[in-house]
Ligand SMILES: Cc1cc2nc3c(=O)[nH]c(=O)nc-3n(C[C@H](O)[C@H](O)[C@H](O)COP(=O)(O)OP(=O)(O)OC[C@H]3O[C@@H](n4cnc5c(N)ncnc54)[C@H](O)[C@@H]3O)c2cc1C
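Take a look at this one chain, the form predicted alone, written out in structure tokens.
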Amino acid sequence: MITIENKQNCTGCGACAQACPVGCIAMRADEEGFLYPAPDADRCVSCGKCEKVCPVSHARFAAREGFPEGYLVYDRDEKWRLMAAGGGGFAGIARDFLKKTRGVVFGARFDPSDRSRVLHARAEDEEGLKPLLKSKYVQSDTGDTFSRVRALLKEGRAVLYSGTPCQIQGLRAYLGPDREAPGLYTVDLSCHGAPSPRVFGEYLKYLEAKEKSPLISFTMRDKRPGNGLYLQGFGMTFKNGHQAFVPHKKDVFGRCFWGEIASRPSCYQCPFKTVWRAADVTLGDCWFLNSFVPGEQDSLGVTMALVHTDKGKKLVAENALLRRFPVASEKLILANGGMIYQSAVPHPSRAVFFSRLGREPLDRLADELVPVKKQRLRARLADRLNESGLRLEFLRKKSRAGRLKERLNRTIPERALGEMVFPAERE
């Protein structure tokens, strides 16, 4: 029977609950809002399957030379590129997959009956794909999707499953030998960390109380295009008709997320932050398209794609829906800012934050513990111009060139130069 003695050793992937043959394991939220396995000892048959499929317990690091293939991509269809996060890399991959295989795509979406909850769901056409687009900065519940993937594979259906690195590892651990099924394709993310659903729920209540109106839509990667460029932030629409757009770094929830105060304990010691991944493709952000591909302008977003397998090549390199630019993946990994190989660093006041969460207004708590960072005069001026639809392009390029140079001078640590594998995969 699986037991969690140290919460840093559980990613909440749900593989153990889905592997239990008698269904005696429920995934239940703790006081911070994160899901953990809760086994019923009276119903347990001591088969050991739950422990066998735990990816944290059994995956081991294996050094590997070289780097995966790297690309910068964006969806050729501007409509889909605008609807999606980044350059719409996942949108292009998923649409091409559905067209070629008539298979099933799994990804994260907001629960239609409870917007504070994010869950994994399936899509079999472009309309069903739309809720799976854009980032959701909340840990998703995989539910029974691992078992549904296995059933679909046995039926001969092709499956594309997207998720965080730990979820992809959990899926592969659950599937066992079936993880090598020719019809299974996987996509993971560079991943900053998985924030608490409870914090997100408190945030939504804060927004509605502030506006005195219910939310009817919320987007975490809303794009506001203009003058060949775009702004990105939290977009929301209320029942009273008011629409709001808040830049990520100024938003209450955005500060909790990027301030590293609300992520799952396992995110602060993630075992799956490696250059090579269990997924066929890793997707992430890149803000330096013009630096890597002179003459190209990032007008609606661009996606970094790291291709790990031959299946990954089919998803990216043989995809007619994506515009592709080959770039050395070592440079892309460094330009991504360390999210490929670096775990989140816990905020020193994380315990204080959760102890006061729900007892004090969220905005007051965020203002005290993760306040808006003070900006230099040039940055404040640039923000005001951005918000008014104007940009000093030469300042923007100079700033980004400096950031890119600094990142490319970093060194990827040796502990990340490889991949996490299961014992059977070494044979």
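Numbering starts at 1 and follows the sequence shown. Fair warning: this is a prediction, and the values are worked out from it, not measured in the lab.
Just so it is clear, the following notes concern the form predicted in complex with the named molecule, a form of the same protein that is not shown.
At the 4.5 Å threshold, heavy atoms of residue 193 reach the named molecule in the model of the complex. The named molecule in the model of the complex is approached by residue 162, whose closest heavy atom lies within 4.5 angstroms of it.
Contact check for residue 202: every heavy atom lies farther than 4.5 Å from the named molecule in the model of the complex. Shown alone here, residue 213 lies farther than 4.5 Å from the named molecule in the model of the complex, counting heavy atoms only.
The candidate site formed by 116, 207 and 237 is entirely out of contact with the named molecule in the model of the complex, as no residue has a non-hydrogen atom within 4.5 angstroms of it. Shown without its partner, this chain lists 153, 173, 138, 357 as candidates; in the model of the complex, only 138 has a non-hydrogen atom within 4.5 angstroms of the named molecule.
When the named molecule is considered in the model of the complex, only one residue from 319, 274, 336, 329 comes within 4.5 Å through any heavy atom, namely 336. Segments offered: 95 to 103, 306 to 314, 276 to 284, 175 to 183. Contacting the named molecule in the model of the complex at heavy atom distances within 4.5 Å is 276 to 284. If you take 81 to 95 and check each residue for a heavy atom within 4.5 Å of the named molecule in the model of the complex, you get 84, 85, 86, 87, 88, 89, 90, in sequence order.
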